[in-house]
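Just the one chain here, laid out as structure tokens, in the form predicted alone.
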């Protein structure tokens, strides 16, 4: 095992001074919590697709829009995705944790979200052009599976999706699967394995926001769950995947780059949680806006310099095994 002996001299991510930027008391209707939003840049505004948990405990997905991506959020009058158990029984207990990917080939956004029912959580897909109307594609993976997002372009002629199945035995790891048409998925491969022991990402990991294409590789953020005597702690780290073959992990951070520290991240419905599902990247301005759920209660924002993130992950250690799926077979 190799270690990065020189962590960054300052935090990569800076919390927005006005955090949390969205809380349930700002919503146009009563709700228990708002958290874990997907994020997109659409024309001249930032769109967040919020997970809102109602007073029954059932979640739906609601659009919020802002001209600067920080404040003055405007909420659409109706949810974009509400559970539709008559036609989609996999959603009877809610729609959760969306990730948004622009598919230029199809000229539309893909929404990967968790559909939850008595059968367990599974990955469902939907598409939209404007976040005002939506087309459901239905389940992509069987339960138990979640934390999914599409790559923005085909890889070797096929769509690719990162997701996190939960096995009956062993840890919960990140996988990648492929599809010719966004409906039929196969060639499943282990992508990133949770570490063992005392590590911050031991035992259970999952994807954060969708992967970002860079010259150095696919930039991926993932969360790790560290179990302690007081309960789990959710933190996030970075990894870099090969552009042509994302099953090859080029770099992986030893340290977490963002973890619960502020009061709104430590205390809430589920304390000690930072859970990002969306980021917006402005490479011309060298800026990253990371949107995350804080303690499963509110939405917070952290900012970073894009070039700093990329330089940091390129200095991270190379994994002992570059392709986890080779070891798994």
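Small disclaimer: the values here were computed from a predicted structure and weren't measured. Residue numbers count along the first chain shown, from 1.
One more form of this protein, predicted together with beta-D-mannopyranose (BMA), exists but is not displayed; see below.
Listed residues 290, 299, 49, 273 were compared with beta-D-mannopyranose (BMA) in the model of the complex; 273 is the one with a heavy atom within 4.5 Å. Taking the partner from the other structure, beta-D-mannopyranose (BMA) in the model of the complex has a heavy atom within 4.5 Å of a heavy atom of residue 146.
Taking non-hydrogen atoms only, residue 234 approaches beta-D-mannopyranose (BMA) to within 4.5 angstroms in the model of the complex. In the model of the complex, no heavy atom of residue 188 sits within 4.5 Å of beta-D-mannopyranose (BMA). Among heavy atoms of residue 158, none comes within 4.5 Å of beta-D-mannopyranose (BMA) in the model of the complex. Only one of 32-40, 256-264, 66-74, 282-290 places residue heavy atoms within 4.5 angstroms of beta-D-mannopyranose (BMA) in the model of the complex, namely 32-40. Along 97-131, a single residue, 97, places a heavy atom within 4.5 Å of beta-D-mannopyranose (BMA) in the model of the complex.
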